[in-house]
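As a starting point, one isolated chain is supplied in structure tokens, in the form predicted alone.
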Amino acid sequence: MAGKHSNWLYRKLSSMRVSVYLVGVLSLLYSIGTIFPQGADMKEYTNAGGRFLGAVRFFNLLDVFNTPWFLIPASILFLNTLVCAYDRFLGLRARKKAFPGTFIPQMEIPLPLGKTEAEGAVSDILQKNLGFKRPKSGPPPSWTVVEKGLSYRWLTWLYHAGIAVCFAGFMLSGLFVREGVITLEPGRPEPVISASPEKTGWLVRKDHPPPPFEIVLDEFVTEYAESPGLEYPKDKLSRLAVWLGWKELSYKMGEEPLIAKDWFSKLRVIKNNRTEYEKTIEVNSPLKFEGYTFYQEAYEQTLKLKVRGEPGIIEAKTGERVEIPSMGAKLEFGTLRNGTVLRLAGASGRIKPFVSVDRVVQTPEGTDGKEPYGKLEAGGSITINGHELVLTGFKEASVLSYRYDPGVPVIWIAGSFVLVVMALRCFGAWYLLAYSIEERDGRMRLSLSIKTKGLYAEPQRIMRGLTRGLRALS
């Protein structure tokens, strides 16, 4: 009974139908994962007006790729791929009969030779002139079989094996991945300890030690470009004239014609009290060291303010509102403009740091609104309600996300290998040619049957080459 069950299980796991069903289930789950924000907090999702709250909670749709609904079919598909690869490998090693019981002739050529001479001549043309080889498995009686090109059977097996290795990479990622965020201030070495809750793999302890190196931010630079604003006509007739091409669009430089193009963090890796590696990273150009990858994610800016004539320094982060009681005002500071700028004329230079200041006011609806108040430069001041507010300094910190994932190299190599094998399987050229030489009506006749795989296979070219070779013998 146990043998029957094991045979049934093996047949199911090696079944292509099971593979199709599992891929369908996983495709549905991947679609769900693209609809619902993965990694989001349930409270934030609810406050943002998220729908289907009951189903989202019950099925954990905000973390669907770590649920049993995903992991179970993914694990079964992994086993299915392994069993399929193993089953096909056994078949290839055993060199099972890969030919039909007989072949249907597709072409017949009369030969002006005796049987022995004809067999030798046809074999020489196919093997020496056209590059065919004899397979090691035996064809049916009275037929000789030769093949040419990469065997699609081995390519199919290699495809399955590559997919299995990809799954192994996914498992490595699930077991050992580490993801987090660190904030670096210039000149201060920081260990790789996440400022927010770190996402870890199933086998990583929550209290695992940080890696044996630190990261130093030497400099954070924002690169701006000068960009004029489009002055679009307000009246309908002018807009119609622009649409008809009678009038050209005009542009003007606004108060803040600077658009951020890129952010750069000049980093150093410190290990054993010495610099091991240096790199200036930007968006889509991370730093990689000892399996860790550090990405430029964001930045933080903190302003140092002082009300003239009053003691103490006020620290305020850009983008946040701060109330200054002595001034009787609540203020919000925009992004600090600091770094380099590329002018329209082609020149480049440093920006004198400045920040826009908005005053928080009550709207008629009773909510907080903002009204522009002015521009505050580094070392300069702005007067509000008779009090002078001075920007005495600022600091910029670089926010990096990091990821340690030992499965990535495995997935990258195996995935590239699978793509190459798939390309060879689809676009390559494989030929299986069977021929038989028999005497009929007092003359030797060559019967041919050819089977091909791959988009670039051209059976007509093989037939023409064989025909030319035979004509040269007559």
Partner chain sequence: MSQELILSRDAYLLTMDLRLFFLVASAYGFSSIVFILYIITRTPGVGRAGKALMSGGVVLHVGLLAFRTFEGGRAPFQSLYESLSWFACSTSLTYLVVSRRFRETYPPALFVTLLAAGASFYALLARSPAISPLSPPLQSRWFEWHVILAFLSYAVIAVSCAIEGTYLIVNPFLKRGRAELFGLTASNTDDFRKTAYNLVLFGFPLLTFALFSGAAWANEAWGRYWSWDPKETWSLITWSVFTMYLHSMSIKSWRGNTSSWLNIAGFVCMMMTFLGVNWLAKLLGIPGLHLYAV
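Just so we're on the same page, rigid core means the largest C-alpha set that superposes within 1.5 Å between forms. Numbering follows the first chain given and starts at 1. In this text, all values refer to a predicted model and were calculated from it rather than measured experimentally.
The next section is about a form of this same protein that is not shown, the form predicted together with the partner chain.
G245: heavy atom within 4.5 Å of the partner chain in the predicted bound form? G245: contacts the partner chain in the predicted bound form.
Please tell me whether any heavy atom belonging to F58 falls inside 4.5 Å of a heavy atom of the partner chain, as the geometry stands in the predicted bound form. No, F58 stays farther than 4.5 Å from the partner chain in the predicted bound form.
Is W263 a contact residue for the partner chain in the predicted bound form, using a 4.5 Å heavy atom cut-off? Answer yes; at least one heavy atom of W263 falls within 4.5 Å of the partner chain in the predicted bound form.
If you check in the predicted bound form, is D441 within 4.5 Å of the partner chain, heavy atoms only? Contact with the partner chain, no.
Interface residue in the predicted bound form among H387, R239, R359, R268, criterion: non-hydrogen atom within 4.5 angstroms of the partner chain: So the residue touching the partner chain in the predicted bound form, by this definition, is R239.
Where, within 182 to 199, is there a heavy atom within 4.5 Å of the partner chain in the predicted bound form? Residue list please. The stretch 182 to 199, when checked against the partner chain in the predicted bound form, contributes only K199 at the 4.5 Å heavy-atom cut-off.
With both forms fitted on the core, give yes or no for whether the Cα of L237 moves by 2 angstroms or more between the shown form and the other one. Shift at L237: 2 Å or more after core fit.
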